[in-house]
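First comes one chain, alone, set out as structure tokens in the form predicted on its own.
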Amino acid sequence: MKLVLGYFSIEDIQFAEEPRLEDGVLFVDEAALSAEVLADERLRAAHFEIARPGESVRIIPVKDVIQPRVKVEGGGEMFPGMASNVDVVGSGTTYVLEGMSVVTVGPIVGFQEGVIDMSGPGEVYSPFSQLNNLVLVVEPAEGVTPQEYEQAVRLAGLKTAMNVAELVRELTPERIEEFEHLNIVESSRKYPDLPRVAYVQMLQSQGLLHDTYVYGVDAKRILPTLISPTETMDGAIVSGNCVSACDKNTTYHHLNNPVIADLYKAHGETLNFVGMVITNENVYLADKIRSSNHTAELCSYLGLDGVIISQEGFGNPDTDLIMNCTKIEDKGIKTVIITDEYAGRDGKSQSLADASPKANAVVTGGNANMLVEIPPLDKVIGSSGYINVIAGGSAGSLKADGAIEAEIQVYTGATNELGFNKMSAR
């Protein structure tokens, strides 16, 4: 399976009646995009705003972040099973709008939505502060349930990203990258002397708005399975959860998974990137045992020498992480786990809710409980008041002048467990 990504650099976004990409500036028709969103009767109001790097702008509460992409060649369309038909993706050619995202915002759904600061001390805690963000602000129709509202906003964001990306379909990308994934037999023959390594990605699936979707299927309903890493680049995995903002994998994270990117860079040089296993994070013990058993069996079946495991969320999923790690290690396969920490504001508490001596190779994205004081910004997209109720904030987190005193878990992507941000801890 071979996927070609063609990149267009977006240096600015502007509203205009004639949508187009011109000299690095993306011009979008706000009225047309809003009308498309409001075709969903579950939403009663929608408008767009633009937030650029360095501007004195705070975005809250952030629900999802999505990179616009469009498939121009090969099977399927972006976000299969969610915003398009259920076709296998991950091959052909896909165009990418680099340097921008679509950010969805609106009245709070769960207590675990987030913040992006485009400038000031808070900008370092969210990597999305470095993007030109087309922000979709929505309001639910009266009587819509939280689940219906979350689904409507999720689909609105995906469809907006697809519509925006259509503007480059007939253009020539500035640069291209190729990702080829051989089948297991071919890769073994081609790289017989390299260690066989796979990636196990744990998907948040605890329910009650803690969901991730694979080809449109709620991940809690799947058994661990194999997919091609290139499928994730075409939107086969979509975020639909409200776990703490700091370690939520947004759809942007799934499209740009750095674990996959780094394994491809090393593939054929220092290791044989055999493939990718996706597994879930369920609530009940029996489900955790079932999924971790099957994950370990798949890794053994692939004849692996090493595995990288990434987690999403914290607390309850720590048990899934440690189960996966220990069972894979018991198969004689070396593991490295990627997580973050909730070690208390002083950093002295136990970092994970579960542990094992076999989890002896760990990459951490930082301590989400670290307390920060962030001054006010000139403009707020959404509503600052939500800072008092989202995870990491508390009553009084929002000061009278608009300043914030809260844990860094309020920032979208701050301690991301794919290693997407630049933080760590010792």
Partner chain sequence: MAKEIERAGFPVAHICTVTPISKTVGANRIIPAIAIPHPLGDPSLDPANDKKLRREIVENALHALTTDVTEQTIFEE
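The shown structure was predicted, so the numbers you read here are calculated from the model rather than taken from an experiment. Positions refer to the first chain, counted from 1.
In what follows, reference is made to the form predicted in complex with the partner chain, a form of this protein that is not presented.
The closest heavy atom approach of V137 to the partner chain in the model of the complex falls outside 4.5 Å. The closest non-hydrogen atom of P107 lies beyond 4.5 Å of the partner chain in the model of the complex. The partner chain is not shown here, and in the model of the complex it never comes within 4.5 Å of any heavy atom of G303. Interface membership of H181, defined by any non-hydrogen atom within 4.5 Å of the partner chain in the model of the complex, is ruled out.
With the partner removed from view, the residue among A355, V88, L223, V217 that has a non-hydrogen atom within 4.5 Å of the partner chain in the model of the complex turns out to be A355. In terms of contact with the partner chain in the model of the complex, the residue from L155, M276, M323, A165 that brings a heavy atom within 4.5 Å is M323. Heavy atoms within 4.5 Å of the partner chain in the model of the complex belong, among the stretches 99 to 107, 80 to 88, 283 to 291, 166 to 174, to residues of 283 to 291. Contacts of stretch 315 to 332 with the partner chain in the model of the complex, defined by any heavy atom lying within 4.5 Å, are made by G315, N316, T319, M323, listed in sequence order.
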